[in-house]
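For reference, the chain that follows is the form predicted on its own, supplied as structure tokens.
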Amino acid sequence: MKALVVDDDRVLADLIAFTLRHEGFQVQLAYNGESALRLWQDDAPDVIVLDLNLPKLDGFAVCRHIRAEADTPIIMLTVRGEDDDIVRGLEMGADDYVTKPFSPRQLVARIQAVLRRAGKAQVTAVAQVGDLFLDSGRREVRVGQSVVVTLTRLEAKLLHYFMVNVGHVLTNEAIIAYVWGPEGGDRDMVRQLVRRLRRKIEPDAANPLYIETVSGVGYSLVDRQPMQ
């Protein structure tokens, strides 16, 4: 499931992106209205989180352009008390709104609600990155044309987290929070889980191709395209 986050406050945009990736979304970021429309056209997101006060092209104009061509769910970000902006945005076709400041849990709940109303599942059961294929429901992974391998619940959860954040470095702390919860794991448990997962997906676990160690930080999944 893809999300486009549009806000010129880069700190807030990064926080929203981190929250949504934690929930299994692939996230694109835009910091002005023009780049938001380009990403919407190129990437076809399933949901858009849209700030109204944007440079170059404001959120109202972005919403109007998108609604002229598609029914992509849109959640507006507004400043508390700006009732006229809320009414105007909803009249233009936005599906819901969240007023700043807001909690990440509130935003996620609003996104899940608009996706349900739009008839979309939150996260697809089968994910693919390069020649890695993961069926989260069955907890099975296949590398290229190799035999399907069964994963444990934690291995499947970790691999899914890597796949929806492909190319991004995931810190040990972020992995702990996602897999076990903030109080449920430690760095040694992360190392052990990564080691077990590598044994199941890497041709040579001692020289990994897919899950790279980023020294002192964490790990990153590399998109290895299938051999032609």
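Numbers for residues come from their place in the sequence shown, where the first is 1. We call the rigid core whatever largest set of C-alpha positions still superposes within 1.5 Å between the two forms. Values in this document were obtained by computation on a predicted structure and should not be read as measured data.
From this point on, the text means the form predicted together with a further copy of the same chain, which you will not see here.
In terms of contact with a further copy of the same chain in the predicted complex, the residue from 170, 39, 66, 176 that brings a heavy atom within 4.5 Å is 170. The closest non-hydrogen atom of residue 93 lies within 4.5 Å of a further copy of the same chain in the predicted complex.
Residue 161 belongs to the set of residues with a heavy atom inside 4.5 Å of a further copy of the same chain in the predicted complex. Residue 110 belongs to the set of residues with a heavy atom inside 4.5 Å of a further copy of the same chain in the predicted complex. When a further copy of the same chain is considered in the predicted complex, residue 15 lies well away from it, no heavy atom lying within 4.5 Å.
Proximity to a further copy of the same chain in the predicted complex, taken as heavy atoms within 4.5 Å, picks out 66-74 from the listed stretches 27-35, 197-205, 66-74, 50-58. Residues of 18-47 are not found to place any heavy atom within 4.5 Å of a further copy of the same chain in the predicted complex.
Core-superposed comparison between the shown form and the other one: the Cα of residue 214 travels 2 Å or more. The gap between the Cα atoms of residue 31 and residue 174 is larger in the predicted complex, by no less than 3 Å, than in this form. Between residue 73 and residue 161, the Cα distance is smaller in the predicted complex than in this structure, by no less than 3 angstroms.
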